[in-house]
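The chain below stands alone, shown as structure tokens; this is the form predicted on its own.
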């Protein structure tokens, strides 16, 4: 019987799920895998207000993480507090005390991943983080083990369940953004303060981790060009539908020669693509690997037990590697190609969907197209719906040919500041996923 003792730091939603999982499956783990996980200590700043059911008086409950980290009988620290501080200190101290780490902390790994993996290597310990991206879906294992030896050309990811749920509700139930967000919050799919989700930063942190795993370059979330979904309206959704397209918040990474693109933003994709059918809180990743080809992995990317399942998976991964050198765990590799650079968003070119709210006056369209033309932006099509006489501004939809990001941004800013249109133009990138 392999016995591994655990210290849990962070008894929030996922932490409670992990405890529940360990309790309910204890006999199953012993019978099938000959493994016993013993939860020795739980640390949480509010532990006295939320004592774990069935554990009162039987385990060490504390508000001091150092008591858990310094316990010589604990083999593994499960860090589930999130954020950068004190999470970084906890992980570093635990590694130096000879403990392995299991974490779901995407922000920490996106910001300090290289440093932490180097420290783990020097301490001959490992960091496991399956739940950091796509919760319990075995994405990290697929990329580092299932596709080991492949080279990655591109990846497209729906990696935030909150945004995907909101866009799905707006599309399928004709809700506006505020109504869809409220529905997500009511079901526990969005935080009371959803800013990091809806502004794209949560996806940016996850994309930064994926870039390090697939393209050999450690980047921070701040290096990922990021836009959220708050500007998306029914005008955009309806027009996308009429074109056989749908809008998804995508994390996109591409590698061409020694340059990497990394950006997060709403994206128009064909409804015929598999990612178009990923709805609700589901997450998915679509990667092009050589020689494997295209691979799609999909599953629920949010939820207490979904994330807890990823943590338990990491514990089994750790248990199966007892005695293995740390440098054999592929998800902890910290070496990178020094010549690889991040390509600036200004230098990227793509097709755009652009929505203007324009007054119904003669000459407005010619002024808009004139400015676009001066910035080398070619228009593929223009659409304007029939309107009522009382409307002060009408949506005008333009689809461009391939245009440079920098030129589009400059042109739209000039159009907005000129007073030609009633509000800031909305630009959504169009991608042919391949």
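This one's a predicted model, so the numbers in the text were calculated from it and none came from an experiment. Positions refer to the first chain, counted from 1.
Just so you know, the form predicted in complex with a further copy of the same chain exists too; it's not on screen, but the next bit is about it.
With respect to a further copy of the same chain in the predicted bound form, the three residues 266, 356 and 359 uniformly fall beyond 4.5 angstroms at the level of their nearest heavy atom.
a further copy of the same chain in the predicted bound form is approached by residue 148, whose closest heavy atom lies within 4.5 angstroms of it. Taking the partner from elsewhere, residue 277 is found to have a heavy atom lying within 4.5 Å of a further copy of the same chain in the predicted bound form.
At least one heavy atom of residue 305 is located within 4.5 Å of a further copy of the same chain in the predicted bound form. When contacts are judged by a 4.5 Å heavy atom cut-off, residue 177 does not count as touching a further copy of the same chain in the predicted bound form. Proximity to a further copy of the same chain in the predicted bound form, taken as a non-hydrogen atom within 4.5 angstroms, holds for one residue of 107, 162, 168, 214, which is 214. For the candidate set 227, 71, 300, 259, a heavy atom within 4.5 Å of a further copy of the same chain in the predicted bound form is found for exactly one residue, namely 300. The stretch that touches a further copy of the same chain in the predicted bound form, counting heavy atoms within 4.5 Å, is 306 to 314, out of 188 to 196, 306 to 314, 74 to 82, 219 to 227. Residues of 275 to 302 lying near a further copy of the same chain in the predicted bound form, listed in sequence order, are 277, 290, 291, 292, 294, 295, 296, 297, 298, 299, 300, the criterion being any heavy atom within 4.5 Å.
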